[in-house]
Structures are given as C-alpha cells and as structure tokens.
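Alright, two takes on the same chain below, each alone as structure tokens: structure 1 and structure 2.
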Structure 1
C-alpha cells in the first residue's frame, strides 16, 4: 500500500516537473501571438482581444529575416554535410583499421586530437582559409563540415569497424567483389547502428550551429540560427513580436524531427556520450 502511495506521489511530482520543463516553450508560443509592445511588459499573460495579433508577427518576422530561405539553406547544408560525413568518414575509418601503416596511424591520432580542440582555436584561420579557397558558399561549407566533423565520426566508426569480423570481407572477395563492392555491399550495411548514431549527432550539431556558418557564409546565405540572431543584432530596438514568432518557427522542425525519430535520437545520444 505504501509502495503504491509513493508511486502516486512520484508520478505527480514528475508531472509537475514536466509542466515546468515545457513552460518556457509554451510562454514563447503565447507571446508570438501578441502585439510586440505587450510582450516585454506582460510576458506571462495570455493574449486577449486587445493584444492578440494573429499571424502578424509571423509575417513580419519571415519578411525581416528571410526565414523561408534560411530554412532551406539549413536543410540543404545539414542534409548534404551529414551525408558526406557518414559516407566519407566511414570509408576512412574502415581503411585506417584495415590498412595499418605509420601514416594511417598518424591520421587516426590527428583526427582524435581534433576532437578536443575548441572551435575558437581555429575560428579565424579557418574562415580565412575557406575564403581564400572560395569555399564561402553553401557547397563549400559542406567540405568544411566534413573536415571539422571528421574527428568524432571517424573515431566512432573505427571503434565499430574493429568488431567487424574480417572473414565476411574475405568471403566477399572470394565471391568476386572488388574492394568498393566489398565495402558498400558488405561492410557499410553492417555499420548501420553507428551510422545512425553518427548521423543523429552531426544533424543536431550542424542544424543548430551558429558561429561557423555565420563566419563562413555570413549574411549572404543565412541559416536559421544566423537569421534569428540577425533579427536581434541588426536593429537598434528589437521587434519582440517577430523574435517570438521566429523562435517558434525554429523550434517546430526540431520538435517534428524529435517526435519522428525519438528512439534513435535517445539511443544515439547515449551511445555518443559513452564513446566520445
């Protein structure tokens, strides 16, 4: 009986905490439907007949920030960077594990080393390099993400490749596969659990990344975080209504992504933390 009671108490406690966790997002949503001058003064009040602004904040926010194009640039850069990272770093990891030379070892340790270097260390020189090489556009930044994300991703893939039995590769070779066929038809499918983890971790990083796209492709091709920050930084007084609407629009894709692939995200994050 006491056990049942303690379960009910825990349940109610958790319910309260869950409400507290969701409250900030809820508050932003209700404020996105109020006129800008009633946001700063009374953020915790529901909109009423006088303060309800309809979709006005959304329209002006989208116009001021170019949110629609920002969404598509974010999507473009995230999808292709993650695809490039998954394909190329898994190939590199397999090569490094299977071909043991001084040079592959050196590359492996250089990649592992890059994981502990904070972005600020290379921020200035990297954006200059990207500029000089003409990589300061949405295609070039994919190469930058591949290079900067290579450390963690190669490290995670090579951890898994070590546990893949070499006999299945030998069998494929005997059956007449060349190296490329062996890799893509036999090895790559086996790596799937790590592929999912690597893809999730990189998606979360690149989609939300602010400073790297801001410095490399700047205001010419705004991604969502850059567009939101532009609204705040670009004007003397901030249009709070537009800001609230843009916050809501930035959260919606993330929530959809989360709810559709929650299982993989939570698994991937836990696996990534343990390995990284």
Structure 2
C-alpha cells in the first residue's frame, strides 16, 4: 500500500512538473490566435469571438519577417552544420581513442577544455576573424558551428568508442578494408545511439541560436531567430500576435525532430558518458 501511494505521489509530482514546463508553450500557442491588444489584456485566457484573430497573425508575421526565406536558411545551416559535426567529431573521437599518443591526449583535453569557455568571451574576436577570413556567409558559419560543437560531441563519441570491441575493426582489416572503409562500414553504424543524441542536441542548439548568426552573417542571410526580431517596431513597440505566431512556427520543426528521435537520447548519453 505504501509503495502504491509512493507511485501515485510521484506520478502527480511529475505530472505537475510536465504541466509547469509545457505551460509557456501552451500560452504562446493560444495567444498566437488573438489580436495583439487582447494578448496584453488577457494573456492567460482562451481566445473568444471578440479576441480570436484566426490566421491573421501568421500571415502578418510571415510577411513582416520574410519567414519563408529565414526558414530555408535556418534549415540549410542546421542540417549541414549538424552533419559536419557528426561526421568529423566521430572520426576524431575514433582516432583519439584508438591512437594513444601525447598529441591525441592533448587534442582530447583541448576539446574538453573548449566546453567550459563561454561564448561571450570570444564572440567579438570570433566575429572579426570570421569577417577577415571570409566566413561571414552560410557556408562559413557551418565551419564555425563545427568548431563550437566539437568539444561536447567529441567527448560523447569518445566515451562510446571505448565500448566498441577493437576485434571487429581488426576483422574488417583482415577482410581487406582500408581505414575509411573500416570506419564508415563497421565503426560508424555501431555509433548510432550516440550519433542520434549528438544530432538532436546540436540541432536544438543551432536551430534556436540567435547570437552567432546575428554576429556573423547578420541581415544578409537571416535565420528564424534573427528574422523574428524585426517584429519589434519603433519606441519598443512589438506586434505580439505576429511574434507569438512566428514562435509557434519556429518550434514545430525541432519538436517534430525531437519527438521522432528522443528514444535514443538517454541511451546515447548514458553510453557516451559512462561506458569505457
């Protein structure tokens, strides 16, 4: 009886926490269908016949922000940045784990150290360097994201690679595979749990990132977070209805991606952080 009561209390607490975390998203969704003045007056009330704006906020927001263009730039940068992070950091982790030298150890600890350096500490020198090197464009920012995402991703992959038996790599070599064939045909498929986890974490980071695209590529290639700020008018006025609508549209893709891949997160994090 005590155990059953404990489960009920735990369930109620978790349900309350879930409601607490989901409440801001729910409030944004219901306010995206209200007129902007109604949002200020009754932000926590469902839209009614007088306050319901239909799809007006969505249409207005798309027109004001250039949302379609921003969406495709965000998609382009996110997809190729995540692909570069997954491929290059997994190969780096494999090399670091399998080739034990002073230099690989130094590289590993340098990447781990980069995780604790705040972005704000290097953002101005980084943006200037990106401008001088011609990286202030959608292709260049992919390289910058690779640099900032390398630390955590390599750390996670390294932990998982340690759990991969080296005998399967030796068997591949005996069968005639070269280094790249061994990696892509044997090692990389085994890294699937951590690969999905790294992809999810970096997708949520890059898709929602505002500061780096704003500093590096600015208004020339606006991503969604940068485009949304243009709903702010003069003297601090903000079209709250359109803003709420654009926030809803911006979170839908990453939520869908997360829900379809979330079953791998705990498995991948545990494997990358504990094994080895």
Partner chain sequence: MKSIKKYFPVFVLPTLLAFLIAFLIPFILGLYLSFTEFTTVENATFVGFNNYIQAFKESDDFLNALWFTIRFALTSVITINIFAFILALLLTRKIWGTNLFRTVFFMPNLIGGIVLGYIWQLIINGVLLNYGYSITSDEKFGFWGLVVLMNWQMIGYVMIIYIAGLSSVPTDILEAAKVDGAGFFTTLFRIIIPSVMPSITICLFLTITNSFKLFDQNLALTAGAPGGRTKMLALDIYETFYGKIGYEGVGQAKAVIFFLIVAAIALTQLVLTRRKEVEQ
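The shown structure was predicted, so the numbers you read here are calculated from the model rather than taken from an experiment. Between two forms, the rigid core is defined as the largest C-alpha subset superposing within 1.5 Å. Residue numbers count along the first chain shown, from 1.
**Q** The same chain appears twice here, once per structure, so which copy is the form predicted in complex with its partner chain?
**A** Structure 1 is the one predicted in complex with its partner chain.
**Q** After superposing on the rigid core, how much does the Cα of residue 45 shift between the two structures, in Å?
**A** Comparing between the two structures after core fitting, residue 45 shifts 6.1 Å at its C-alpha.
**Q** So with the rigid core superposed, the C-alpha of residue 257 shifts by how many Å between the two structures?
**A** It moves 3.2 Å at the C-alpha.
**Q** May I ask for the C-alpha shift of residue 9 between the two structures, in Å, based on superposition of the rigid core?
**A** Displacement of the C-alpha, rigid core superposed: 9.9 Å.
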